[in-house]
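As a starting point, one isolated chain is supplied in structure tokens, in the form predicted on its own.
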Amino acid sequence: MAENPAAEVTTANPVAEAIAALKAQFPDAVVEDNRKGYAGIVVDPEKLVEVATAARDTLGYNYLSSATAVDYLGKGDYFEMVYHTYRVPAGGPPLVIKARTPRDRATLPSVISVWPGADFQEREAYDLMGIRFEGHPNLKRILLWEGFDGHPLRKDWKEAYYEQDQKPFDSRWPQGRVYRAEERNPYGKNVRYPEGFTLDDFTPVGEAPNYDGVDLGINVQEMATPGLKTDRLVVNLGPHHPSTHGVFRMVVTLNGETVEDLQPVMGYLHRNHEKIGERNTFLQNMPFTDRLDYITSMSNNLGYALAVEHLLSLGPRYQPPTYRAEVIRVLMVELTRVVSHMWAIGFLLNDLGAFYTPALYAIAERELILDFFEAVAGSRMMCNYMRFGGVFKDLPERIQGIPLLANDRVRNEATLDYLANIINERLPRAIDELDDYLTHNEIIVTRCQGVGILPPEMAIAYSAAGPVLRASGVPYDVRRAEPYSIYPELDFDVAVRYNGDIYDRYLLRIDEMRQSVRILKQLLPRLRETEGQPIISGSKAYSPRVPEGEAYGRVENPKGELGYYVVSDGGQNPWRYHVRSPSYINLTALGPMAKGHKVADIVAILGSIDIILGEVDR
């Protein structure tokens, strides 16, 4: 594995210098992307691995954050793979590398040998777009079953209840003659079989592909043969196991009770989120992002807003969000970070065998924060609160309930007083209690220290993000590495721990909650000073026209970097809408982290990653 040279690279404009260096080194293979609103370089596929290796080894772009496939059907008729690479832990903007392949013979070289974090991302592009990656050691579908016909993110693929390519559908607007697509395409007649398909010679794909990557010399068919003796065993944990954090499955190869290999199997909650996002208008996607990680809808909104605002800034009439809107945004996402980390710690205890009661204590303060979200946004979890240029609504003057019976006692207090009490009193006390009760608990120490270790160089190589990355000794936080909103003016430290095990991931979340409270205390006076100021800039367009171009908006979500790669062709719907989900990509390292540990450790290691299946499967 390559050493990290990022800290040695110090340049005023590293991206421009990197592009110049790559063009000089590969004059016939690298050109700048000069399309209007685009950036980065376009690389000859034949030289893609060489260029990627040079970007990593000589220029310090050692971290592959996001790999996105884009279908430019009717706009050049090719697929484009877009790689967002960063210098970790040095920070700074991305070097964007692109490679193209014809749609009718879509093949590109795999970059997994350069950035192992490309593993699941290339499998996703193969699964949903049909791009084959030569050299990928385990190229198979990852979100759909192996027998699925077609690739549903291609522009010419149509879902079962297809009505039109983009919303608003003609049946809804402007005439309002609404009908349900199911009425014209009833159940039972909405199935499209592959060309030439008949039941006469149909053989189900079955389970065999799920064991293809278990390359330990194990023949599953032989293991099923009566009388064959073996010390090894393939066990399926999940998908319907209470400790798999949702509908998630792990194919585990055991030698006795020791894990020799682990392959995640996912996609049970896949609903083609990105395809639906490309049917939606830009604004319609805002509530849609709530459904990714349903614990963190506020910060999900912010990442998407940043991506679209970047595109809007390419136009002549763009106005950035107002200062009060930025203060409220950071308030919401830092409260969300506390909610998410408390939830993660509570359910880690569940995974360690302390069933539910400790979890309920860990998430008690969460209810107070959700009360606040409900008062502001009208919803506790699916908040749909951010808007392009600001937020949906200002904070209410008071938080108050409605008595249902004559003697009901209801909350009725000034919103800022309510917030001040949570931020100055309740949260610090709750975090200290968690620390006091758990950090030196004998069971937690015994079960978590030295288990599920992810060394720093592997964390970077596997594109780990958030607490998983920082607990491995890598001080990389998007809020500092590529600052956004008002974070540059706020005083906080990037939490980091150095052992890379379950215990450090737990400690790091405690550290980060304290840093969030530190940020929240700085926001209280800003909220008072900006009272009455506007919460949104520009006009409140129902459906803004977004200038042509591309944007990658990313935020430091509680579970790690959440990124949105959005392409606009100048219309009111995104041409491409891709989600870089931290839960999904952090799972890339699950197998190496579990290897060598016992069966009982697997669920604890998974819990320490802190995944949400709505975000993994999308």
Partner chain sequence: MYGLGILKGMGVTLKHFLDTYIEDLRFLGKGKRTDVAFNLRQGGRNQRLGLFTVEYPEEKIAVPERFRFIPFLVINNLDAEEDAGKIWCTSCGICAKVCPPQCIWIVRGTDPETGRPKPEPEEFYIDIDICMNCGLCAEFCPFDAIKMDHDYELASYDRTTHHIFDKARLSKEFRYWRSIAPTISAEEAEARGGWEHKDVLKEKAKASRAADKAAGAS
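Residue numbers count along the first chain shown, from 1. Here the structure is a predicted model, which is why all the values come from computation and not from measurement.
Beyond the structure shown, there is the form predicted together with the partner chain, which is absent from this document and is the topic of what follows.
Peer 1: Can you work out whether Leu368 and the partner chain are in contact in the model of the complex, taking contact to mean some heavy atom pair no more than 4.5 Å apart?
Peer 2: Within the cut-off, so yes.
Peer 1: I'd like to know whether Pro287 contacts the partner chain in the model of the complex, with contact meaning heavy atoms within 4.5 angstroms.
Peer 2: Heavy-atom contact with the partner chain at 4.5 Å: present for Pro287.
Peer 1: If we define contact as a non-hydrogen atom of the residue within 4.5 angstroms of the partner, is Leu254 a contact of the partner chain in the model of the complex?
Peer 2: Result no; Leu254 lies far from the partner chain in the model of the complex.
Peer 1: Using a 4.5 angstroms cut-off on non-hydrogen atoms, would Asp408 count as touching the partner chain in the model of the complex?
Peer 2: It does: once the partner chain is placed as it appears in the model of the complex, Asp408 has a heavy atom within 4.5 Å of it.
Peer 1: Quick one: in the model of the complex, does every one of Arg180, Arg291 and Tyr437 get a heavy atom within 4.5 Å of the partner chain?
Peer 2: Yes, the whole trio is in contact, each within 4.5 Å by some heavy atom.
Peer 1: Within 4.5 Å, heavy atoms only, one stretch in 129-137, 500-508, 383-391, 75-83 touches the partner chain in the model of the complex. Which?
Peer 2: Within 4.5 Å of the partner lies stretch 383-391.
Peer 1: The partner chain isn't shown here, but in the model of the complex which of Gly353, Pro525, Gly401, Pro488 has a heavy atom within 4.5 Å of it?
Peer 2: Selected option: Gly401.
Peer 1: Which pick from Gly196, Gly176, Gly532, Pro316 sits with a heavy atom within 4.5 Å of the partner chain in the model of the complex?
Peer 2: Checking each option against the partner chain in the model of the complex, the one that comes within 4.5 Å is Gly176.
Peer 1: Select from 413-443 the residues with a non-hydrogen atom within 4.5 Å of the partner chain in the model of the complex and write them out in sequence order.
Peer 2: Residues within 4.5 Å: Glu413, Asp417, Asn421, Arg426, Arg429, Glu433, Asp436, Tyr437, Asn441, Glu442, Ile443.
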